[in-house]
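In the block that follows, a single chain appears as structure tokens, in the form predicted alone.
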Amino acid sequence: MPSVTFDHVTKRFGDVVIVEDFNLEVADGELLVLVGGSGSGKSTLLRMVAGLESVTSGTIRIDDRDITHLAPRERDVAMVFQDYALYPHLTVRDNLSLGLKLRKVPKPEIARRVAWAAGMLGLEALLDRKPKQLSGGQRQRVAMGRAMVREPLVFLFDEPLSNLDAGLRAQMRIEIGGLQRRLNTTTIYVTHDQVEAMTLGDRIVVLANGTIQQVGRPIELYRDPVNRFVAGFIGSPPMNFIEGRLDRNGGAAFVADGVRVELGGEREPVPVAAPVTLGIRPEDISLVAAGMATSPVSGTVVLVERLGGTSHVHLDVGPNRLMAAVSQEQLPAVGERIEVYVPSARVHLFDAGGKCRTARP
């Protein structure tokens, strides 16, 4: 399978910059996820690969072939949209085969490809049904099959699960991930949902305002975010943040109103007087019995969410609100004063510009 290379790609609409100086290579057979909020430029990047948007400057290549200015039909890519875009008057079989018929592919080859895609997606029993007779998940599989039968060099997915309910999204994530591994086709997947990004991507590109914030494997972005934006965007539930400063009297520590956390390990230097933000993930905070932790953080419980195997305990620490994600059965009551342990090895520090100042081995 080919690679996809973005070389200094920029997209502007008038004076508005949508994507700025985007440089990246998607490896052969890789499933790369572009994730970010609304207006981050992720869908525009996908549409530029498909040829649905022009490139203001820079080049896009599939292998060594420059496709920047080619017509969409000449690029040999297939796109799956958020809207299934199925023809309601055609059967599943006809929806799958229509694009091949328009390209005048021989009938035996059309039959082979349709049978192959239907088998891969579990659509054999649905081939003679029309879209109105299908569930949302089945319609999405037909849309995927329509892309598969083209046997393209690159698959493009533009938020394909947004119209599905939560349970069906989880099921379809498994199906898409398994399908991509079986086909080993280079795939670029766009989503605003970081859970989709974390569960599907070989690598993730986090975007904000048209620029790359960080590129890496899911666990790298989760454990070692380069800035506060990535730290807050990746991870569910999101990271806790507390504004404060450093105190180096008697050893390095983070201090804020009602909070003191002793810091271990190496940190990039931050001036003592400069503001700093502490970040800690809810699952890294643990509830402790009084007097059982070194330099515990004390707070008042304001909400307990019992979610089954995991519970979320929200507490006020001075003017700050922290959430701990815990698995224990015995939970504190609302209004109770408790202590929590914030391990220094899991703490992230961010300077006033949002850059992470945590050095990890």
Partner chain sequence: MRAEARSGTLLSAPYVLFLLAFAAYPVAFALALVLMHWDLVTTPSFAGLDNVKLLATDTRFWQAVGNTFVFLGLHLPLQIVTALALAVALNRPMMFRAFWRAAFFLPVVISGAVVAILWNALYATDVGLINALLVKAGIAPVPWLTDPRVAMAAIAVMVTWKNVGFYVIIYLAGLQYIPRSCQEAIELDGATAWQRFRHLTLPLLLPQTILVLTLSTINGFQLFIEPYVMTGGGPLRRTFSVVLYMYTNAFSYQKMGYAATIGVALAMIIGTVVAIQRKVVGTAEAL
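Positions refer to the first chain, counted from 1. The model shown is predicted, which means the values in this text are computed figures rather than measured ones.
In what follows, reference is made to the form predicted together with the partner chain, a form of this protein that is not presented.
Asker: Looking at 34-42, 303-311, 48-56, 316-324, which lies within 4.5 angstroms of the partner chain in the predicted complex, counting heavy atoms?
Answerer: Result of the contact check: 48-56.
Asker: Out of R173, R129, R150, R245, which one falls within 4.5 Å of the partner chain in the predicted complex, going by heavy atoms?
Answerer: Answer to the contact question: R150.
Asker: So which of R217, R112, R103, R182 reaches within 4.5 angstroms of the partner chain in the predicted complex, heavy atom to heavy atom?
Answerer: The residue from R217, R112, R103, R182 that makes the contact is R103.
Asker: Any chance V77 has a heavy atom within 4.5 Å of the partner chain in the predicted complex?
Answerer: Yes, V77 sits close enough to the partner chain in the predicted complex that at least one of its heavy atoms falls within 4.5 Å.
Asker: Given that the partner chain is not shown alongside this chain, does G177 nevertheless sit within 4.5 Å of it in the predicted complex, heavy atom to heavy atom?
Answerer: It does not: once the partner chain is placed as it appears in the predicted complex, G177 has no heavy atom within 4.5 Å of it.
Asker: Contact with the partner chain in the predicted complex for A85, defined as at least one heavy atom pair within 4.5 Å: yes or no?
Answerer: Contact with the partner chain, yes.
Asker: Please tell me whether any heavy atom belonging to H89 falls inside 4.5 Å of a heavy atom of the partner chain, as the geometry stands in the predicted complex.
Answerer: Heavy-atom contact with the partner chain at 4.5 Å: present for H89.
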